[in-house]
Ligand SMILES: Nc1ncnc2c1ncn2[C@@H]1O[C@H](COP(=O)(O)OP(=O)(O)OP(=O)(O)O)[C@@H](O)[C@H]1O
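A lone chain, given as structure tokens: the form predicted on its own.
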């Protein structure tokens, strides 16, 4: 895959005898928005820190821009913008003044970089409001402005919409999407706001207890796993055998209520009804269903949502 910007193979992180991240194979493609979904403590931030060399790797490998992280970290950091955890700035300075200090520390940014980065995230360059007076949404925007001040190719954003009010979430979603679509940035982000990820992400990785359970484009995820036939029938075990033998159903799941979820996209409800009627099996209900991302997350992780 020549268009991979970030790739990990078997990425693993141990703290003592506990695996915080286990055998993660991550694939982030050029120009896309890739969302890591998981509860607090699932391993999202640990993965991001390993990608940046901020946390050591216990096992596995990381490649960025087609090269291994080992030996190329200094080059990579100049091509990546980062916001991990709460952005920290001087409370008695304005947004522009804070970015001026950051630009000096970096040593070189292009002319007008401060004004352009503030414009991209919707903060006025001439505003005299101090950072201590900022709302949480403004602080998050300034954190992203700091991440893009050197015009990086890749952005790694940890919970960029965490704690924002609905307006702040919408505005942040819009300018993150604009950074990808209008400026060609590749964006890896983590979030627990599942409804927003449905509107934002091109690809999704679902991580639970340090294990990457699913990785797919969002459109493929919807097509394969979030649309299904729900069949209420008894006895479920007998019916499953018939579906496997006669209709070649392979992708299914029996719910806790004893219903059957059929994910094979080529199966038609009429074929199921015809088969079972011919075997004198009464169907209590059969419906075409569409999960939300939260429903699918619960099904994948076997528990409650994250929100």
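As the structure is a computational prediction, the values presented were derived from the model and not from experiment. Positions refer to the first chain, counted from 1.
If you look for the form predicted in complex with the ligand, you will not find it shown, but the lines that follow are about it.
For the candidate set 28, 262, 42, 35, a heavy atom within 4.5 Å of the ligand in the predicted complex is found for exactly one residue, namely 42. Among 159, 214, 202, 153, the residue placing a heavy atom within 4.5 Å of the ligand in the predicted complex is 159. Using a 4.5 angstroms threshold between heavy atoms, residue 20 counts as touching the ligand in the predicted complex. Residue contact check for residue 177: none of its heavy atoms lie within 4.5 Å of the ligand in the predicted complex. At the 4.5 Å threshold, heavy atoms of residue 139 stay clear of the ligand in the predicted complex, well away from it. In the predicted complex, none of the heavy atoms of residue 173 sits within 4.5 Å of a heavy atom of the ligand. Only one of 43-51, 252-260, 268-276, 235-243 lies within 4.5 Å of the ligand in the predicted complex by heavy atoms, and it is 43-51.
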